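Coming up are structure 1 and structure 2: the same protein chain in two forms, each one given alone as structure tokens.
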Structure 1
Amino acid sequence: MEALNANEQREFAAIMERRQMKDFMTMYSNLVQRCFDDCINDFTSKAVSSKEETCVSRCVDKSLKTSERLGQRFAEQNQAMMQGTGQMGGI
């Protein structure tokens, strides 16, 4: 990827932009599905209970924080691997 010239980088950036909305949609759908699967297990009523609602809210919160942390670590590891060290410091 380092070998892309200015024109190629511009074209690639346009492609990435077109992908972003799609990636956001997938992220959103995964989030809904995960929190629904984990929090909604009572079908004696058609309305979401307050207990379920709390669970969903925390699930969204925690999932976003999880994704953020994983993204940071992933970027670090990826960076390290690209530089050929293959090792990160000291957890």
Structure 2
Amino acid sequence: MEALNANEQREFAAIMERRQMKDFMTMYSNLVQRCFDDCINDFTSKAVSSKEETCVSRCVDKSLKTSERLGQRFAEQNQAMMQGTGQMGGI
């Protein structure tokens, strides 16, 4: 990143920001679709039943906790790899 001039750095940051937003929106869309498919099954009423509402709430909660846990595990693995690489450099 240091090899880029100020304009290139701003452009790169804008591209990364758009990419992150796109990834977030994709994840959000997939979450909505998955929870809807799993929980909403009574189309005889416009209202969402309490059973469906509870199911959606649990589905979203479980998905977000799973995503958070995966992120933590990824960070731990990344840190372990970086420490392993640092140790090998001293040999």
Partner chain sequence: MSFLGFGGAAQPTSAQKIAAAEQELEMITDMFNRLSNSCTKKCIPPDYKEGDLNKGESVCLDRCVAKFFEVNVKVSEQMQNMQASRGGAAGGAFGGFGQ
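All residue numbers here follow the sequence of structure 1, with the first residue given the number 1. Rigid core (definition): largest C-alpha set, two forms, superposition within 1.5 Å. Just so we're clear, the structure is a prediction, and the values are computed from it rather than from any experiment.
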{"item": "Displayed copy of the chain that is the form predicted together with the partner chain", "value": "1"}
{"item": "C-alpha of residue 70 moved at least 2 Å between structures 1 and 2 on rigid core", "value": "yes"}
{"item": "Residue shift check between structures 1 and 2, rigid core fit, residue 17 Cα at least 2 Å", "value": "yes"}
